[in-house]
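This document opens with one chain alone, in structure tokens, the form predicted alone.
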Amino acid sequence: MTDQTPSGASSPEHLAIRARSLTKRYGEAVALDDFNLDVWSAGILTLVGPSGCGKTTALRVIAGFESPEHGTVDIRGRQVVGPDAMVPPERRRVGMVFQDYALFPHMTVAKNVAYGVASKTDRKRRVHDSIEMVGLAGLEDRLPSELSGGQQQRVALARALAPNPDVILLDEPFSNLDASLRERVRRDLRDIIKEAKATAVFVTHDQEEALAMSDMVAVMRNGQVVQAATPRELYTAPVDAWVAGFLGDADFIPGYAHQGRVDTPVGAFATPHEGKVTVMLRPEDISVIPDPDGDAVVVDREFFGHDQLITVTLPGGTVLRARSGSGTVVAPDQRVWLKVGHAVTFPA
């Protein structure tokens, strides 16, 4: 796993979660295989990966709902999973927001939020502050059935925040919302978590959501974290071609690197590798320049309003995609030049 230390988090005491060498099996199926993860305090980390890669299992092991066969988990420096430790979920100081919110249908908003607050002395204050923080003041006496999906999610978040946990874990929290509501609620929840200075771990299968929500993203494959970094680093400097293709659009060109460079149909690029390589190009890093003498030919154009995706073919049959602003005017069969601003190479 790539070691990424956010600014101001220079030593282990800044870790909210430290998971090491976790292994979890369900019969013959391996859900976690030497899983390692660092989650820094007061930040949002998202676990993302294809279905069945172990994201939810990792969250459930951290929460205490599953027991691994091997490995350790420390929360705020206290071991909660290990050879001599298996702290029950209610004693881990972890707040959980489930995919279906898991609200009690017969309880009001206030009673749902109060459910996890053990201390009677400040329960009323914690409930009030949490409901105020998520923007539901005035709805304390409503039942979940009287709320919208976005409001129910806010109740679930308020309930997780109310006990003042060390970390909040959210399992696919936006999956039950329609597309028009999802983006707005996602922004709102990020703002709420940041305002609360909380540490949160999200699980999602949506790559765009992971990049937009997070301070750090951990990409999982086959029960392991294969790269953990800031969203920008993951997108611009993926650790391998699989991560590159998983996180956004990318085209790949085979090449041969020699003495620090690789030649391709769209130019030469610097590379630290030698021998056979794969060159990754993101569509937004390719500019299309209309010119009747250009060596590339437009074969398709998808217009989205704010931008467009232009597919071109090069001499030799290489096909690439370029993402351009709506001001670039091209049509199928038109000749163009391509200008590439950034490329990443991987050993073949």
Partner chain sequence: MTTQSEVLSQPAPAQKRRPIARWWWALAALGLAPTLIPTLTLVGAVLTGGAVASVPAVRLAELLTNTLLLAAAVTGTSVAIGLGTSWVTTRTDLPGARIFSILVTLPLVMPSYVVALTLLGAGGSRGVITELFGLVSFPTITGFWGSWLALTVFAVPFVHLGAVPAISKLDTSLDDAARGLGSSRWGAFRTVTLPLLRPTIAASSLLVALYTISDFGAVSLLRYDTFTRAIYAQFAGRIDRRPALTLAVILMAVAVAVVIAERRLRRKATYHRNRPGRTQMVQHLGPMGRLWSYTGLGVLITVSLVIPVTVLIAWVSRGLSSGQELGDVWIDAARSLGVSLAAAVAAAVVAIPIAVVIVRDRTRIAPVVETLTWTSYSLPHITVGIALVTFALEIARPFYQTTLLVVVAYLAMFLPITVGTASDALRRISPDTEDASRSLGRSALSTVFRVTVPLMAPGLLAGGALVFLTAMKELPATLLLRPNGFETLAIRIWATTGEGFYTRAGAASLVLLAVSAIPLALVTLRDLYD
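Residue numbers count along the first chain shown, from 1. Model, not experiment: these values are computed from the prediction.
Below, we turn to the form predicted in complex with the partner chain, even though it does not appear here.
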In contact with the partner chain in the predicted complex (heavy atoms, 4.5 Å), from 221 to 229, 199 to 207, 132 to 140, 263 to 271, is stretch 199 to 207
Heavy atom of A102 within 4.5 Å of the partner chain in the predicted complex: yes
Answer yes if any heavy atom of R78 is within 4.5 Å of a heavy atom of the partner chain in the predicted complex; otherwise answer no. no
If you check in the predicted complex, is P163 within 4.5 Å of the partner chain, heavy atoms only? yes
Would D191 count as a contact of the partner chain in the predicted complex, using a 4.5 angstroms cut-off between non-hydrogen atoms? no
Of V127, M216, V277, V94, which one comes within 4.5 Å of the partner chain in the predicted complex, counting heavy atoms only? V94
Consider the chain as shown here, without its partner, and state which of I253, I168, L247, A110 has a heavy atom within 4.5 Å of the partner chain in the predicted complex. L247
Going by heavy atoms, what in 51 to 86 lies within 4.5 angstroms of the partner chain in the predicted complex? S51, R60, F65, E66
